[in-house]
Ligand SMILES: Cc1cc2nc3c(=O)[nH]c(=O)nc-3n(C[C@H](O)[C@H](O)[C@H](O)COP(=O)(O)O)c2cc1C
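First, one chain by itself: the form predicted on its own, in structure tokens.
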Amino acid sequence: MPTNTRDHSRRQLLTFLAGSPLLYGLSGTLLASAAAAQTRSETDAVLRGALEFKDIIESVDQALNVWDFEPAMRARVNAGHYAYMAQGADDFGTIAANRAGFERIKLRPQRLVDVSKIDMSTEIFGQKVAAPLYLCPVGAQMMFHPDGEVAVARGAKSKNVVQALSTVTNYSVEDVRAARGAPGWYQLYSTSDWPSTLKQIKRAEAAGCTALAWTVDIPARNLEPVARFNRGKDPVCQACHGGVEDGGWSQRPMFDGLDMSTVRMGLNGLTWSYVDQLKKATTMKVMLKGIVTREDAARCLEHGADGIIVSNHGGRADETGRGAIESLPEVLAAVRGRVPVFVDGGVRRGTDIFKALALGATAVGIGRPYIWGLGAFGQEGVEKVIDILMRELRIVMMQMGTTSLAKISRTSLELA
């Protein structure tokens, strides 16, 4: 990918952030980095002119990369909902690190390989899919489109990729399974009441989910940007958050039939023994989502985890300054191939997916990009985002001389 194209994406990022309600939350470091990228792009005036694109796309066919969907989505959604999607911890440093981590990894192409046939298909927990790509759990997707998670499920079905459903979904796991027509994953936010949590687990299991991904990376977090918006007084927000009188639980179908008046959501002092409890409670594969160190990866294995998701919640969990892709190697080193390791955070290009796979990831997750597509064009937008990333992955596999996922390895990488 030409440097100017990458800088153009950064310039777009700087432009939309400058006009967004999140500007006050950006650190000087991120602004300086984006400004520097813009300066570098201006070294070739002719190429810069060719790459400039200031319009907002009006149809999915106009999109050339996933970044094109962000301005279109931002133009259509409530400002508070946009902030919920775009926010990061503290000064957005980990969001920036997620992208920077990919850029530090260089590629080593192999020439004159027969790449007339490229196979991106794989099997994840017994499910055959078209590509090593999954759609990360994102809560309350009616914020972005009336069909929310159901539109995403239809897009996932059309493209045959895995969809992970959030605990705080606007549509039930049964609705999503019916729309997807195949198993998915269920992301779990535990509660202070085990029977309430167990009911969710059993619903997901009955709906055919193959994996349970317990999110462990947010014992606490700082959500400054979204706190600027009073959701309780915004009628647009209330359409998907529910009334303040019931805490919004009426809009969360996975809590149907549960008395949430005395139940708290969160880690609530839980420790590693909870993994043992989850393992005994379900036949689904149990994964931990939010693991970023070798020490925790080893503990996952000690407690029988069936998989690990290397993730920093898209830069929303904590301000570590480490990109998820930078955390991946040490987790993989601790696991040594004993369980699948997945990764998400900052993925925007097919080259990003390739780099993660070459390091050893089983599959790679996307979050904000498909939400941009959903908010901009609904199911069509989700499908186009997947199409673009799969096209780009195919291209880089051809460039690297790797005709199947099994042939992707670290020999294609130059690590800083």
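Every value quoted in this text rests on a predicted model; they were computed, and no experiment measured them. We number the residues from 1 along the sequence you see.
Not pictured, yet referred to below: the form predicted in complex with this ligand.
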Exercise. Determine which one of 291-299, 272-280, 131-139, 325-333 lies within 4.5 Å of this ligand in the predicted complex, judging by heavy atom distances; exactly one does.
Key: 131-139
Exercise. Look up in the predicted complex whether H313 has a non-hydrogen atom within 4.5 angstroms of this ligand, and give yes or no.
Key: yes
Quiz item: Taking the shortest heavy atom distance, is G346 within 4.5 Å of this ligand in the predicted complex?
Solution: yes
Quiz item: Should V77 be classed as touching this ligand in the predicted complex when contacts are defined as heavy atoms within 4.5 Å?
Solution: no
Quiz item: At the 4.5 Å heavy atom threshold, is G360 in contact with this ligand in the predicted complex?
Solution: no
Self-check item: Contact residue in the predicted complex, chosen from S190, N170, Q163, Q187 - any heavy atom within 4.5 Å of this ligand
Solution: Q187
Exercise. Name the residue from V341, C209, M85, V286 that puts a heavy atom within 4.5 Å of this ligand in the predicted complex.
Key: M85
